[in-house]
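Okay, so here's just one chain, in structure tokens, the form predicted on its own.
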Amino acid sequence: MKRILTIQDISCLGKCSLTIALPVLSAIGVETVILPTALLSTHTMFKDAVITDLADRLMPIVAHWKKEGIRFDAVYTGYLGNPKVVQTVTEVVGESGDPAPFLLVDPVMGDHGRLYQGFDDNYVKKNRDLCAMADLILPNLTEAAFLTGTSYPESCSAEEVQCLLKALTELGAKKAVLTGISLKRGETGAMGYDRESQQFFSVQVPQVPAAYHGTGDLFASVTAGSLLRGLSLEEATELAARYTAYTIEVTRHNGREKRFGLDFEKTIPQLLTWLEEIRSQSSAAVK
């Protein structure tokens, strides 16, 4: 069984970050180790969340793992919260051994053309440094614009997205998948680029008229887990997009308050069915 380390915050209530990554990756069939960067009473859609910064505990935890000879096949980072944590994570990744584990960075720092509250240019710079070390990065349009120092595009043509993807990999990442890409009215998805092969791919699924906290975390977690289960990047992206849209639709029909997040617990059986179907098709194609 493959082992992944995921580094992000953990909210006691409200599904996002580690409370999505841990159950989803485990269900996919990947041994999941967590390194919480902060402990929150709730995620930030709730008012007056109690937040405990765990930045000073990260390196001692990693030192203990090293003493025990623990190795990881992959490292997946999500919301990190402040420049000090990003710098610490960069050091953690840099000390992760030889050969280095596959590094997937979801540079969570903004949406709709704006950085999240409390983030600034220094936070962007630290994320840029982390992305430069990555095998794969998964920014949305806002994050891609800040990382590349370009203007935020309200909408993009396929050609414009391709240019942005190339600019992202020029930061140092081997591959990039740009999420939240709509190339046609009523559809949304992602577009990816492999710097080595210079190949692009695009995935589009029907757009569900609803939005929930943690959607990006779900997409990234499915992508990470699927890659470790042997899917290609295009297959993993397609599965993540399809499953995320399906989960949004199921959650919307359940009618719960949005602040409680996605009802992914109900849709995991469908995720596993689709994953095994893709793996079987890929195996048959190889034969």
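Just so it is clear, the model here is predicted, and its values are computed rather than measured. Don't overthink the numbering: it's just position in the shown sequence, from 1.
FYI, the form predicted together with a small molecule isn't displayed, but the following is about it.
- Residue-level contacts in the model of the complex: of 107, 189, 192, 214, one residue has a heavy atom within 4.5 Å of the small molecule, and it is 214.
- Per the 4.5 Å heavy atom criterion, the small molecule in the model of the complex is contacted by stretch 42-50, the sole one of 246-254, 42-50, 26-34, 65-73.
- Heavy atoms of residue 146 never reach within 4.5 Å of the small molecule in the model of the complex, leaving it off the interface.
- For the chain shown alone, residue 116 is a contact residue for the small molecule in the model of the complex, at least one non-hydrogen atom being within 4.5 angstroms.
- Residue 16 belongs to the set of residues with a heavy atom inside 4.5 Å of the small molecule in the model of the complex.
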